[in-house]
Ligand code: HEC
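One chain comes next, on its own, written out as structure tokens in the form predicted on its own.
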């Protein structure tokens, strides 16, 4: 979606408070990214609010990535929807909501992000180069995930629609 090949995140439509928090994290070193840290540090509080408000009001667009095939698709779907409780990995939707569309300011949407971005963020949580999650939850979950699980769930999530499809029993 969007600039998926480059591994950049989709910002359009993300919660305003989440975006503002991320800019502050880049500015204060809680999150480390050479490009974003350099852009965020000189921002005033008003500019952070203005940018967060602007991006939160944009409508997300783009098409999902192609669905992975074979065991990767099944493994990614299982992690996203059911988790791997034997390894202490909760389902993505437990925190990020049904359809992984996000919940509040602390659990952003996962749908609409590229597989490369999702995978990079899980690795950053695992390595500790990304912080700022409530109670260190993502760091803990990421530590329990194998590289294969990370790749499978990232690819599966990237293939999901921005708006979850509703299963309906249509009556005519």
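Positions refer to the first chain, counted from 1. Everything quoted here is computed from the prediction, not taken from an experiment.
Keep in mind that the form predicted in complex with the ligand is not shown, yet the notes after this line are about it.
Select, from the options 103-111, 64-72, 33-41, 47-55, the stretch whose residues sit within 4.5 angstroms of the ligand in the model of the complex by heavy atom distance. In short, 103-111.
The ligand contact at residue 130 in the model of the complex, heavy atom, 4.5 Å: Yes, residue 130 is a contact residue.
State yes or no: in the model of the complex, is some non-hydrogen atom of residue 124 no more than 4.5 angstroms from a non-hydrogen atom of the ligand? Residue 124: no, not in contact with the ligand in the model of the complex.
Against the ligand in the model of the complex, would residue 158 count as a contact residue? Criterion: heavy atoms within 4.5 Å. Residue 158: no, not in contact with the ligand in the model of the complex.
Check residue 29 for me: does it contact the ligand in the model of the complex (non-hydrogen atoms, 4.5 angstroms)? So residue 29 does not count as contacting the ligand.
Within 9-45, the residues that have a heavy atom no more than 4.5 Å from the ligand in the model of the complex: Heavy-atom contacts to the ligand in the model of the complex: 14, 18, 22, 31.
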